[in-house]
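A single chain, nothing else alongside it, follows as structure tokens in the form predicted on its own.
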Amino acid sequence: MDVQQVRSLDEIIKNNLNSEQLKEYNRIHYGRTDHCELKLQDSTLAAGKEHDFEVAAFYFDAAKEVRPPKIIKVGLIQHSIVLPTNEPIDKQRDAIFFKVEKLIDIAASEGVNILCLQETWPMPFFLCTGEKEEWKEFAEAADNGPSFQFLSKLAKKYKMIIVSPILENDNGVWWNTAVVIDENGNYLGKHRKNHLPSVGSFSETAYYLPGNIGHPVFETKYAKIAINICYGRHHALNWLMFGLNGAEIVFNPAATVPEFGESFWGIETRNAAIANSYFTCSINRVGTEVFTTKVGQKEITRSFYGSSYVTAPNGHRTPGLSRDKDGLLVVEMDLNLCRQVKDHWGFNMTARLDMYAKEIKKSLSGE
């Protein structure tokens, strides 16, 4: 079977198990027998059909306690590019803006408070070409570039926090950056990708530098959030630091292909949610992108597999969006679950950070 014909693992399982088997599979694999689907508006379903994108919605409860529930909605958008990669860069970007605006409008109509886009969402993932100068128009300022100006208006209009992963140009130096825009459309801050791959055609060190900001956590109107960009999900200590700094939700915007670890796409961010007692949100781009290099006229094709999903601090997770279709995932969550899971498992209380720090220091000194 062609890998691109597999819409999702969830679909394969659902189509091949009877109801009792499916319930037991869900209990073991997802952590709960029921996916806890949220009812979507008829207008949302109609818009999805009209524009050919998938919309799915789920919720995570927390136990009742003295504190009132702290319920918010998160939205994740996965999407393909629109125009061929040899079209003028401004036209490519504007076409993506037009598509994404429709998805953000739907997210707002479903009450989303915090929305995250995929890694370098306003452009094709040209980092596989080995070329840089040809694509420089995609690099932009974090706080006033085209992407910020576009999303700032939507954030203000819908009172929505928006996480915008872009290719940042800071005085001629490039960074892989996630910009956080607050509910009034203001620039709240940014995080720069800490860990850069140099594996196969993922040679990102040729384009930008490893992050120099550390592990910021942004205290927004709705939640304390952080962003662990793509390859950073392979580093357990990266996840740990966001937790130590107080994150309740950590987003992992990505651009990854089937041959680059799809088998553990559904594992790493889920593990991080469990180990650090916060929600994790995994967003991967979708679709096929074709590039022709200027030197040697070499054709390069990259196909991304979507499969965006959310995991709760107790390890329960949602089904993923499809592998081959634009989509919006809406997840309602009670942030009280973060503290409840911390109290139950005691990971923070039993951590031996002093011992780890001592041994890491010893390892770095070469003793």
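Here the structure is a predicted model, which means the values were calculated and not measured. The numbering used is simple: start at 1 and walk along the sequence shown.
The protein also exists as the form predicted in complex with another copy of the chain; that form is not presented, and the subsequent description refers to it.
Residues N194, H215 and A357 are all found to lie within 4.5 Å of another copy of the chain in the model of the complex, as judged by heavy atom distances. In the model of the complex, another copy of the chain lies within 4.5 Å of some heavy atom of N314.
Using a 4.5 angstroms limit between non-hydrogen atoms, P258 touches another copy of the chain in the model of the complex. The shortest heavy atom separation between K99 and another copy of the chain in the model of the complex exceeds 4.5 Å. Of the heavy atoms in F264, some are within 4.5 Å of another copy of the chain in the model of the complex.
Between another copy of the chain and the residues V82, A108, A275, I89, the one pair within 4.5 Å by heavy atoms in the model of the complex involves A275. Of the residues given (S152, N238, T129, T220), N238 alone sits with a heavy atom within 4.5 Å of another copy of the chain in the model of the complex. Between 41-49, 28-36, 325-333, 61-69, the stretch whose residues reach within 4.5 angstroms of another copy of the chain in the model of the complex through a non-hydrogen atom is 28-36. In the model of the complex, the residues of 337-355 lying within 4.5 Å of another copy of the chain by at least one heavy atom are, in order, H344, W345, G346, F347, T350, A351, R352, L353, D354, M355.
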